[in-house]
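We begin with a single chain expressed as structure tokens, specifically the form predicted alone.
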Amino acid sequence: MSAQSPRVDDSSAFIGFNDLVGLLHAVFVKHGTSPQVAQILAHNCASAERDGAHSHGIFRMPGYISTLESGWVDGKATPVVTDVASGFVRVDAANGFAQPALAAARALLVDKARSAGIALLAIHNSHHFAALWPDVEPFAEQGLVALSVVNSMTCVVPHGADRPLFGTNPIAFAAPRADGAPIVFDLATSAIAHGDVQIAARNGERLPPGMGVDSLGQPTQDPKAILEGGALLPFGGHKGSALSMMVELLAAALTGGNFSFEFNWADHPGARTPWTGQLLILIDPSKTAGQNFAERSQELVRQMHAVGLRRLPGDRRHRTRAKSLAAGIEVDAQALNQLREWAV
């Protein structure tokens, strides 16, 4: 299925995954990234769109472009990888995106995890503007357990406070299982992802109660009120707030990155990407005693199904992926035309 001749109706188009990656690659290069960085970001963005994670797919492209044009992020940065210790890798992303920094350290990180049983990757001076699950899922496909956290820009009010301080601060986890795709989840520690609030505002939709507050600190279901001077709330009250604090400590304090409140993009109009840090932990389950880990994971899944659970974390994403790969990725036709204009 070709990016030049997708199947189109009045409002939507269908495009093949590789074609979408190629189109996004051209957009990124056109707007200031190196071809290597463009390939990584394009694959990440297309993967989100393919899997139905629309708040981190094509929807993000205007933010990427405006950020690159503002000079806030270096789209051609070369990450600097440092072998710190037997189970510790540090990467300076050089004011570039976090995913190329992860790619630069991937082989060393996996080698260390295979050797020591566990390894840690600390990325700082980095920008992360995408879904977090694509960072961990490939490791689970290699038989490893992966956990990653990243902090973002200040937009969440800690439980019991009256002003925002934390970011949405997601946590992603991936683990292999014997008979099926890896178990993968990616959740914001805010009550709702910031991108989902933006989509709701664009579509004129109201949010469920408990998602955020307006500029006066009053509860609101209006996404525009949250975006225009308001803030998000943590999920689960004090529990989500504690996890968000943990992410700040792991992704910023431990890596040497910025806390969510420590950067100021006021001098870069159009900047949208948070300049923070990311932590990733890899575990090689083959080092554990007893039964094969993937078989144990599968047994847990069987028991979860036995008690009535019908959908595991990531199931909908994998169903959407299979449908997209078979029939093409359904995208908004206007958005696809906009991408083509940005690419030339």
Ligand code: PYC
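Quick note: we count residues from 1 along the sequence shown, nothing fancier. Because the structure is a prediction, the values reported are computed rather than measured.
What comes next is about the form predicted in complex with the ligand, which does not appear here.
You can rule out all but one of 279 to 287, 298 to 306, 25 to 33, 53 to 61: in the model of the complex, only 53 to 61 has residues with a heavy atom within 4.5 Å of the ligand. Using a 4.5 angstroms limit between non-hydrogen atoms, Arg177 is distant from the ligand in the model of the complex.
Although the partner is absent from this view, His124 stays clear of the ligand in the model of the complex, with no non-hydrogen atom inside 4.5 angstroms. None of the heavy atoms of Pro223 is located within 4.5 Å of the ligand in the model of the complex. Contact check for Ser244: every heavy atom lies farther than 4.5 Å from the ligand in the model of the complex. Residue-level contacts in the model of the complex: of Gly240, Gly230, Gly195, Gly75, one residue has a heavy atom within 4.5 Å of the ligand, and it is Gly195. The partner is absent here, but in the model of the complex a heavy atom of Met153, alone among Met153, Val145, Val157, Ala271, sits within 4.5 Å of the ligand. Contacts between 155 to 184 and the ligand, taken as any heavy atom within 4.5 Å in the model of the complex, involve only Thr168.
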